[in-house]
Each structure stands twice: as structure tokens, then as C-alpha cells.
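Encoded as C-alpha cells, the following chain is the form predicted alone, with no partner shown.
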Amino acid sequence: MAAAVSAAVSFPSTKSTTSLSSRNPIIAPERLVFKKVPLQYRDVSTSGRVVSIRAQVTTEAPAKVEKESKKQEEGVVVNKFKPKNPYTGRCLLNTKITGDDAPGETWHMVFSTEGEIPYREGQSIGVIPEGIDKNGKPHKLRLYSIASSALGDFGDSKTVSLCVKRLVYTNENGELVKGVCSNFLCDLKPGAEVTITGPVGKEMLMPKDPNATVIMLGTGTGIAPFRSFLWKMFFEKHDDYKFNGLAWLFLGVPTSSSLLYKEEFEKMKEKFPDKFRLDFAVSREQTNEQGEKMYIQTRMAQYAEELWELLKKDNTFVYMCGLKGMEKGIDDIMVSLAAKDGIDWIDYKKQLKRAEQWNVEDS
């Protein structure tokens, strides 16, 4: 694994606290419109003479304010290739990146795109596996988060990478079941064709602000979009983007042999100690001071006060990808901290979502 990863790291680069009240939605004031209409009344003081006056009596509805996205949405392409008109790429590289004793296999794969799939960090692609289903119809596409930056692992904007776990399980009848698409992908050999759709998605796009604090919470292959973020932040040079904020990655896995891209992330931390923080949560090997298994929310609880202070700032963005239950664990941490400040965490999280600062995607 180390050899494969170190080769990836050496790819050439390509040049290329506000108060809570500030989160309230901006509503434009009513605009007064002076419309001339006759309004008559009887002026008794002038012996009953009827006097006609003109007054403003109508208003217009509030003007709508166009919301500007805080993410890098400009020029984002969506659904260039659809199931009826997919793109055919080729597998250039496919390597297992988990140890032999890990609970399950995860593979890193690189496909050729020749620049025809102009994706961005945080988007996904669809893959249509070969063959037909039990009804004799072509398999339906499966979506996978992209694990490479827009420049790709080779730095030429002509490839796209995925991080895929081989799905194998025993059903209630004791039969071994293999996930159709994951096994198709994990078994690909270099040179094999791959049917691709997309790109899709805007939920997980990176923040526009290069000075933002970006907190990334990933479990297992949920690391994929965060690898794409971090390559752009720390392994590449761009004429129009230089990251000067703080990137904080929490990665949760069952065993240390399941830590994906560990060498890459540790290299980033070594090179940019002031801009990148890295915390692993290895549930079957680590515990906290109370002896509890170290899940991602358990690790985050150790920094709860600091995380809450960051979440009160308008330039902090949280991204979450992986197990569905992770978000509830984080809610449990934040509820009491927010309450100390007289804030309802669930309502506050809704404000963060509206402001595009709380982003969740299931891997």
C-alpha cells in the first residue's frame, strides 16, 4: 500500500465571528409606492364642504434577495453524460489500499476521461457495471464520490479516481452475496473499459473562501471527497486558489490497517502543520479515557469546546460523508455545549444548513 500511495504523492503539480443574529435571513424592507387615488372626507370646519385629497395608500411586496452561494459553484457541470449516452473510460490503475488483515477490501482506482468529464472536488460520478440483472436488463448505475481533485491524480485533468469498498455479505439464508458494482470495480484490470455517467452533485462543493475553516468528518470510503479537497489545498498549485485557512480531518475506521490514504495525509500534516489537523478514530483498537470505543464522534468529543467555538463563526464549514449514524453522535456532543450559550443546537444546525455550512452526503 505504501508504495502505491507514495507514487501517487509524487505526481507533478499543475500551475494553474460574527454574532448569531447575522445568520438571520436578509429580508428587503417594503418599498413604498406613491399611487395617486382619490380619498374623500367631509371637513365639518368648512361648513360641510367636501374636500378631495390625494394620499399614498398601497405598497408592493418585499423585493426578493438573490442568495449567493458560498461554494465554488461557478462553471460547475452536471449530468454531461447520462445513462442513455454515457462516457466510456478505461481503467489505468487499480490497487488495494487496505491491509490483508483489514475487515474488508478497499481499492483505489483511476480511470481515463481525456478531459471529457469536467468534474469538481466534491462531485460524484455514476458507474454502470457490465452485464445484465436477474430480469435480463442492463444494470442500473451506482453513484460514487470522486476521490481525486479536478486535476486528477496525474495532474493533467484527464483522469478521475474512486475509492471503493468491495461489498460481500451473507444474507439471511446463509448465502454469500456480492455487490454487483463494487465487485465489478474492484476486479477491474488496467485497460478494461468503464461506463461512466455524470458528473453530479453540488452539495459537497468546496467553500469559495480560501481562508475558511473546513471540518471534514469521514468514515471508511466516505474519505473520498475529502481526499479531493485536500489534494487541491495542499498538493497542487493554482493561479486562482491558495488555501490559507484551517483544514481539520476526522477519519473513522475499524482497524489501523483500514486507514485509507494515511501516508498522504501525514505528509500534508508534516508540510502544513499550521493549516492541517488530522485525527484518526480506530474503533477496534483505540478507546477514550472512559474505556469507550473510539468512534469518530468519540474522538470529536475530545475537542468539543474548540469545535463549538469554530461552529459559531461564519467561515466554518462542516462536511460529513460515511455512516448515517455519525450525525446523531455529533448532535449528542453539541446539544449541551450550545445550551450553555442559550442556543438550541438543532435549530442552530438548521441555520448552518441554510448557510451552506453544514453538508452531509452518505457514501
Ligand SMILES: NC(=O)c1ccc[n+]([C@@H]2O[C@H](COP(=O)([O-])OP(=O)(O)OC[C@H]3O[C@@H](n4cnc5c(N)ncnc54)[C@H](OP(=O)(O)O)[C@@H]3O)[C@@H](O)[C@H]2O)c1
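If you're wondering where the values come from, they're calculated on a predicted model, not measured in any experiment. Numbering starts at 1 and follows the sequence shown.
What follows is about the form predicted together with this ligand, which we do not show.
Site status: blocked, since this ligand, placed here by C-alpha superposition from its pose in the model of the complex, has 3 or more atoms within 2.4 Å of backbone or C-beta atoms. In the model of the complex, none of the heavy atoms of residue 307 sits within 4.5 Å of a heavy atom of this ligand. Within this chain, residue 195 is remote from the site of this ligand in the model of the complex, having no heavy atom within 4.5 Å.
Shown alone here, residue 89 lies farther than 4.5 Å from this ligand in the model of the complex, counting heavy atoms only. In the model of the complex, residue 316 stays away from this ligand, with no heavy atom inside 4.5 Å. The three marked residues, 214, 245 and 354, fail to reach this ligand in the model of the complex, with no heavy atom of any inside 4.5 Å.
Shown alone, this chain has one stretch from 152-160, 73-81, 220-228, 272-280 that lies within 4.5 Å of this ligand in the model of the complex by heavy atoms: 220-228. Residue in contact with this ligand in the model of the complex (any heavy atom within 4.5 Å), chosen from 206, 233, 117, 253: 253. Looking at 313-330, the residues that come within 4.5 Å of this ligand in the model of the complex, counting any heavy atom, are 321, 322, 323, 325, 326.
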